[in-house]
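Here you get one chain, nothing else, as structure tokens; it is the form predicted on its own.
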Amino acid sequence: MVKVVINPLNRFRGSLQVEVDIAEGRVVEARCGGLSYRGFEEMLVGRDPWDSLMFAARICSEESVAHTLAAALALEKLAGYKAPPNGQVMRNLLLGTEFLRAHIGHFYLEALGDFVPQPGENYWEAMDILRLLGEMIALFGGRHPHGSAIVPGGVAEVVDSQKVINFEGRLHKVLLFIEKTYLPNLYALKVKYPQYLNIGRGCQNLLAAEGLVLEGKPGLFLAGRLRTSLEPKVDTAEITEDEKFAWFQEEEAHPEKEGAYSWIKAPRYDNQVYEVGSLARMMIKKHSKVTGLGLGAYSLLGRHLARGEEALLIGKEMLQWLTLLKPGEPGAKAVTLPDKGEGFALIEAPGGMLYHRIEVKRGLIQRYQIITPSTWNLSSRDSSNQLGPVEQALLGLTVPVGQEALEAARIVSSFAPCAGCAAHLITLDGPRVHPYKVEG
């Protein structure tokens, strides 16, 4: 038996180590370990609830809008407020733009390098599109990442006709790129590498929350879980986090814990392993281009194709949302937070289902819980020894001699993971979690 350790993964956000055991040319064991401890949940304890917005925006640069929105929605739930129509539409436009930026950026900056040796003309065109998407977020969100326009009560931005025109003009260019370049590039990979529709299938259990919602209308994405059949609801009471193989002991950091191999816990729904992300959303929505792949949808290439089709779907819907904006009307209203209570938000971020929960006592945060999309997908084993989605996707992989690391990295990348987002701070006090040496 041969053990292959991939550390670090190239073109990847965060510190992730993947270990695979190979026997007779096939992966027979896999371990996916997040090596960074960040501690956002601990940082928030004892702070003013309003601070959660600024901290949440900095959890992940790729999903900054999603985390800020989840924090704002949790505070709104705590206070019993809802955003006015303009605020709801602007939130969807900001989050939708972040979806497009994440999907296009992941493919051209992270995944494409695993298939082609040199960036071509399409790569540089994608860079220009990412610039346009950044400008679109700036129009209604101020900046990206770490914007401050999304607040409890809506979006602190004034809607005027010129902003709508500027946003729409850029959106048309992005949609043209998706239709004429991004999707054709994806389907060209399907023709050139059909074998990648047959590997990396993973747990084949899919989970999604309702996403991109406007009050009084169904969300663009539907809540549900798909195993052998579709159950069209998600109950937060069924979500748990197992820490058997994570460096935690009763939610406290425990880096010397025997048997542990990751800072990423193991979220489970009804004690089952679930994959989240574009594949889950598109399958639960029954999008014909994705469901039409059959079992091939549950694959390395299926996940990439699902993201491309989802980008087109969102972009077209954003054109409709723009028509709902009413210049001159408010985008937010003042919110007063109570001194005690609980609030939560369950939404869809680009990487998948995102959960924020806040408990407030005497006007301060008593407890804050975050379960990110990559916590689901990069999860460690649980107490029942069930492997996480990425770990299961690696099992059975046939690896040519000399290409073990490349093939495994392709599968991991297909989940568009972010270990920095998934890991639950390195402190100058006390023992260090990991030693770091900086030279130069």
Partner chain sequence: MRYLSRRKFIKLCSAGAAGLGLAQTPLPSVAAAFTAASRGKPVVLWLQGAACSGCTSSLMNSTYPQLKQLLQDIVEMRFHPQLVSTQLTLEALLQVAQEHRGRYILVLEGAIPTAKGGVYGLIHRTEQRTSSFLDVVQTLGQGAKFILAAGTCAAYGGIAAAQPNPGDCVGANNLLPADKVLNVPGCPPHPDWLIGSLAHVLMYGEMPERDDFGRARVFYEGVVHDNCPRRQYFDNSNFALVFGEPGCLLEVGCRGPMAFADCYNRQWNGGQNWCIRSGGPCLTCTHPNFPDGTTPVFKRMPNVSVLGITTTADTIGKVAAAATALGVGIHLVGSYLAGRIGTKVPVKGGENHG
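Numbering follows the first chain given and starts at 1. In this text, all values refer to a predicted model and were calculated from it rather than measured experimentally.
If you look for the form predicted in complex with the partner chain, you will not find it shown, but the lines that follow are about it.
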Contacting member of 369, 272, 240, 166, with respect to the partner chain in the model of the complex [4.5 Å, heavy atom]: 166
Could you check which residue among 77, 225, 357, 144 gets a heavy atom within 4.5 Å of the partner chain in the model of the complex? 144
Even though the partner isn't displayed, in the model of the complex is residue 230 close enough to the partner chain, meaning a heavy atom within 4.5 Å? no
How about residue 285: is it within 4.5 Å of the partner chain in the model of the complex, going by heavy atoms? no
Using a 4.5 Å heavy atom cut-off, state whether residue 401 contacts the partner chain in the model of the complex. no
Any non-hydrogen atom of residue 181 within 4.5 angstroms of the partner chain in the model of the complex: no
For this chain shown on its own, do 22, 349 and 387 all sit within 4.5 Å of the partner chain in the model of the complex, going by heavy atoms? no
Interface stretch in the model of the complex with the partner chain - options 391 to 399, 371 to 379, 22 to 30, 58 to 66, non-hydrogen atom within 4.5 Å: 58 to 66
Sequence order please: the residues of 28 to 55 with a heavy atom within 4.5 Å of the partner chain in the model of the complex. 35, 36, 37, 38, 40, 42, 43, 45, 46, 47, 48, 50, 51, 53, 54, 55
